[in-house]
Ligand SMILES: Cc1cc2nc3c(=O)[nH]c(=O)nc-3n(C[C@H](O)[C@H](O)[C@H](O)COP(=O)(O)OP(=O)(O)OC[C@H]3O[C@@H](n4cnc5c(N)ncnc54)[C@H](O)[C@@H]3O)c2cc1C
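One chain follows as structure tokens, the form predicted on its own.
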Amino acid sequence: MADTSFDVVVIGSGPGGYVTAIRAAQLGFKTAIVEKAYLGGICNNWGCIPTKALLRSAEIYHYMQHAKDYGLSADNVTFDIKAVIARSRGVVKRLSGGVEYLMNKNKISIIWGEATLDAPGKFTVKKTEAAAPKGALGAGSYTAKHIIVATGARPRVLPGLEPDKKLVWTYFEAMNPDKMPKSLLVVGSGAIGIEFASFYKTMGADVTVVEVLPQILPVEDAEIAGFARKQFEKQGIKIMSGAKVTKLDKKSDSVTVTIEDGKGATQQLTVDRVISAVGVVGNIEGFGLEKLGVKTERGCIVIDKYGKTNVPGIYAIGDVAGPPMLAHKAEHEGVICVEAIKGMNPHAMDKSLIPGCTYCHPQVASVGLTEAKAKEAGKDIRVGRFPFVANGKAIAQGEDQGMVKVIFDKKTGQLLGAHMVGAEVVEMIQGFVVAMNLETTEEELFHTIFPHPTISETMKEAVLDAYGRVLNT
């Protein structure tokens, strides 16, 4: 008979879920993970990873189109959208197989199906249509001392902007189009919206972005977001901020969109496709949380600093446990949760130290307080900036449009925030994340030697600038 009793069961196999299961197994818990559709969850299959594969294709296409800027020749450059998508799906397949390998390596049972919580410590799994991995357990009743909900999120749907999978897309359809649209409207300028706007514009579509707030990339520092906006507009992306879509008139193969500019004036725009990128909502419905009395608030499960809900034995991590809805937040939250169950007294997560990255062109990355948030908190601050136009490596790479901005507490020298826009910044931000986790001061960053020539030198120069010691501008 199949084993149906476990110490720890994680519902959902996204980055948060499968990492949590691995850590539980490492700590000696008899562990299982429940999944109904895709090992690796949305992130690996329809989010973080496949979009980065698409954006990489767009990046290479961009450079091929500008080969002459580097003394090279690449004439009549074209692309095959089906091949671009096929590459992206191939990356997904490889990573999904990797998750299955990790489950087997760590002796984690895979329960294939859709879970419903029956009581603390008890749940039922029913069969789903998705093909199960070899050796996975199936439908039935199970018990677990600790159940961790990691069911992720889905696209938010606004009234009047409901996706139909043909003319109005979510990120699912946007990364697997049946054909390349010639024109596109993106509703929402957060990370998802801007990444798709960047991809489709690079691949030749006429792209317009509508954002209801005055600032695009609303969670970013205003100065960085403003710099990024200018670069997007130089590329030909049309941006309408402080505006909203009030009506969609669907035709057979196009959509006429009515847009209100915030002052009452309206205009109409006809496009091939619309992408709704207005955020995501946690998957908290339909599997028994209400029956068990698990407390939720604003569409998220309420937890303490270690992932515990108000019901003993039930925990939550990742998107269902609230913002920021990021894979790396979910992973870290899951590890904390399991280590707390083990009695290891882990450090609670400091959400102010979670980095955010947007993989558009130019890239955007940040951690900590924006300048506005630091001032709102009553901080007396020093601000430093350094432009890529003064960095030798950026100039050599033909990527001199960017900047680094840092914010320090004037009294203590504590680094409060770091914000970047430009080439390679999503790979550089971790330097400031480490620094902030170590409670680094400006003095320690002064004494840190950055390699030359690298774009990372802009990080130190920005720090120096905050204290009137900048060397290269």
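Predicted, not measured: the structure shown is a model, and the values here were computed from it. Numbers for residues come from their place in the sequence shown, where the first is 1.
Not pictured, yet referred to below: the form predicted together with the ligand.
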item: Three-residue site 353, 384 and 457 fully in contact with the ligand in the predicted bound form at 4.5 Å by heavy atom; value: no
item: Interface segment, criterion being heavy atoms within 4.5 Å of the ligand in the predicted bound form, picked from 362-370, 325-333, 197-205, 157-165; value: 325-333
item: Close approach of residue 188 to the ligand in the predicted bound form, 4.5 Å, heavy atom; value: no
item: Contact flag, residue 57 vs the ligand in the predicted bound form, heavy atom cut 4.5 Å; value: no
item: Residue 51, heavy atom within 4.5 angstroms of the ligand in the predicted bound form; value: yes
item: Touches the ligand in the predicted bound form: residue 148 (any heavy atom, 4.5 Å); value: no
item: Position in contact with the ligand when the complex is considered in the predicted bound form, options 115, 212, 239, 180, heavy atoms within 4.5 Å; value: 115
item: Among the candidates 99, 192, 216, 257, the residue which, in the predicted bound form, approaches the ligand to within 4.5 Å (heavy atoms); value: 192
item: Members of 153-191 lying within 4.5 angstroms of the ligand, judged by heavy atom, in the predicted bound form; value: 153, 171, 175
